[in-house]
Structure formats: C-alpha cells, structure tokens
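Here we start with a single chain on its own, the form predicted alone, put down as structure tokens.
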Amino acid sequence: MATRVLSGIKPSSDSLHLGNYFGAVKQHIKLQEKYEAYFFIADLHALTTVHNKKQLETNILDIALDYLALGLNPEKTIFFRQSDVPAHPYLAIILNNLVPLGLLKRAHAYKDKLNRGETDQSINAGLFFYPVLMTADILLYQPKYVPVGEDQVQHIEIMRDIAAKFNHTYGQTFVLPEALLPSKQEARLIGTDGQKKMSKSIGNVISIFADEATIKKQIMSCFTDPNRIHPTDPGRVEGNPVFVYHDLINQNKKEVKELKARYRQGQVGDVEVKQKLFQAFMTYFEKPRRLRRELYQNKDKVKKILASGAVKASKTAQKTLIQVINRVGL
C-alpha cells in the first residue's frame, strides 16, 4: 500500500500569491507524484472568518481553480470539499469529548486572538475548537505525512496528543501522522515590504492570477536596498526581496547571476531588475494562468472533479469513522 499524505487548504482568501505557492502549493503538487495524496478544501474551517455566503462560494471556486491550474492532477490526487464528507464534523464531535480545555487554550490561533485584545466573548467557538476539527480531518484518512507550514506544527502536535489519548482510552485505532515542512526560505517567503512574511492581510504580496497591470504594480513597488540612493551605488543582494524572487522563479540563471553582479557593483538600477523580474514571473506562470482562464469557462468540470473526489474520500473516511463508532460504543 502506498504511503498516504493529506493536507487541507482553507478558502479564507480569494486568490493565491507567491508565498502561498512556494509555501504550500508547489510542495503539494510534488507530493502527488510520490504518495497517495488527499487534498481538500477546508470550507468548514473558513466559517471561522468568512460569514458571507457569496464570498465563501467564490473563495472555494477560486481555490479549486488555482490548484488545478497550478498542476494538481485529479487522476493522481483525491481532491474534494471538506463539507461534502460528513464524517469530518462527526468525528470532531466525538473527539471534542476527549480533549482537555487546557490543551485548546494553549493553541496559537486562540492565544493570538487574545494577544490582539479579543476576549472569550468575541472569539467564536469554531476558532477555539479549530484544532479538534483539524484533528478529525487528518485522522479520518490515517496518513503518514501532513504537509503544513511552520505556524501549523503545533496543531499537528495537538492532533498527535488527541490521537494518542483516543488510542489509550479505546484501543489502538489511529496512526500518529508526522508534519512535513517546506524549506525555511519557502515556508517564510519575505513580502514585497522586505520586512514580514508575504501575507495578503498586510498587502505585501505578488498575486499569481491577478491581471498583468496589478502584478506589475506589485513587483515595481517591491522593497529593495534602502541604503542604495542611486543606481550607481553598490547594492545589497542578500535578503533583497527582488533577488529572493529572482532566485525562485527566474529560469534564466545566467541572467540572475549577471544582475546580482551588476547590482553589487552599482551597474544596474532597481527599475531594470524589477522589470526583468516581472518578465520572469509572467513566463513562469504563463501556463497556469492560461489553464485557469480555460477552467473558469468550464466551472461544471471543476465541480465534477470535487464531487468525484468526495465520493472517493468518503469511502476512506467512513471506514475509519465506523471503527471509531464501534470503539466508543455509539
């Protein structure tokens, strides 16, 4: 039996950016070539922040289109919507009765809200129990690996604690999956502001599927070397977002090497370096952008892919859920 890998994609935003791609999507696409892969759109999790029906529906479709355009292959991967498999919330309810309140109070997502001045009166219960639903999402499929970002490692640890407690209480039922992390550079891709991790919430992103004018504006506004006043001044390449992006997406490595040398010597301006980056970006994502436009014109095909994936996922999830139900005495 092939080693299984599983991950969820939360549709809380309406578009993917460069940080999403290198921090998660690219890794997911590679994994489908090596493992038995399950990837799902975590729409139940999105309810913690998205409370508008049309917005949620748009986000779900966008995520599906983005992943399919970027290379997720439904012939190799079981791709589905979380809410199409009722076993997810069912198992979460069972697990809720095993989880100590204190464990959930230590979760980063909950503590971050408190640190931002929110209280138990304003934080919704869905966010508080987020780690339990995430645990159910994973354990239903008994994967060996779960690809996650650094900010999700604690949730994997919580999941392992819950699984171990269930096994101890009711008998060996769940395997304890392991986190699979991207490289440090890809996991925390610096944003265009040159200060924080790329994030749509603070607007320091380069959007993969935006129109060309928007992408060019995002790239041309990139932070570079603040100590470089004139194009003839020697510039710093290390940690410079523009060159970080060049290293990741510019397939012309000779050009990148020459740009770096000229930049260090004060022989090229920021404008030219950014224009070259824009050209490299559009070349790198040319095929996915074209494929996404085609898929958008055939939304029924996308819906059929998700529906077919849900049927396959349900068969696997149901086997685990029946075992759990029998173990607990329901």
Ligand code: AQP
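All residue numbers are counted from 1 along the displayed sequence. The structure displayed is predicted, hence computed values, not measured ones. Here, rigid core means the biggest group of C-alpha atoms that superpose within 1.5 Å across both forms.
If you look for the form predicted in complex with the ligand, you will not find it shown, but the lines that follow are about it.
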Query raised in the report: Which pick from L189, L133, I78, C222 sits with a heavy atom within 4.5 Å of the ligand in the predicted bound form?
Result: L189
Report task. Identify, from the list D247, D151, E157, E258, the residue with a heavy atom within 4.5 Å of the ligand in the predicted bound form. Result -> D151
Requested in this report: Answer for T316 alone: is it within 4.5 Å of the ligand in the predicted bound form, judged on heavy atom distances?
Outcome: no
Query raised in the report: For T320, is any heavy atom within 4.5 Å of the ligand in the predicted bound form, or not?
Result: no
Query - Q142: touches the ligand in the predicted bound form, heavy atom cutoff 4.5 angstroms - result: no
Query raised in the report: in the predicted bound form, does S199 have a heavy atom within 4.5 Å of the ligand?
Result: yes
**Report entry** Contact segment among 209-217, 81-89, 249-257, 189-197, judged by heavy atoms lying within 4.5 Å of the ligand in the predicted bound form
**Finding:** 189-197
Query raised in the report: Can you name the residues of 111-125 that have a non-hydrogen atom within 4.5 angstroms of the ligand in the predicted bound form?
Result: none
Query raised in the report: Is I158 one of the residues whose C-alpha moves 2 Å or more between the shown form and the other one after the core fit?
Result: no
Query raised in the report: Taking the rigid core as the reference frame, is the Cα of L91 displaced by 2 Å or more between the shown form and the other one?
Result: no
Query raised in the report: Does I208 move its CA by 2 angstroms or more between the shown form and the other one when the core is aligned?
Result: yes
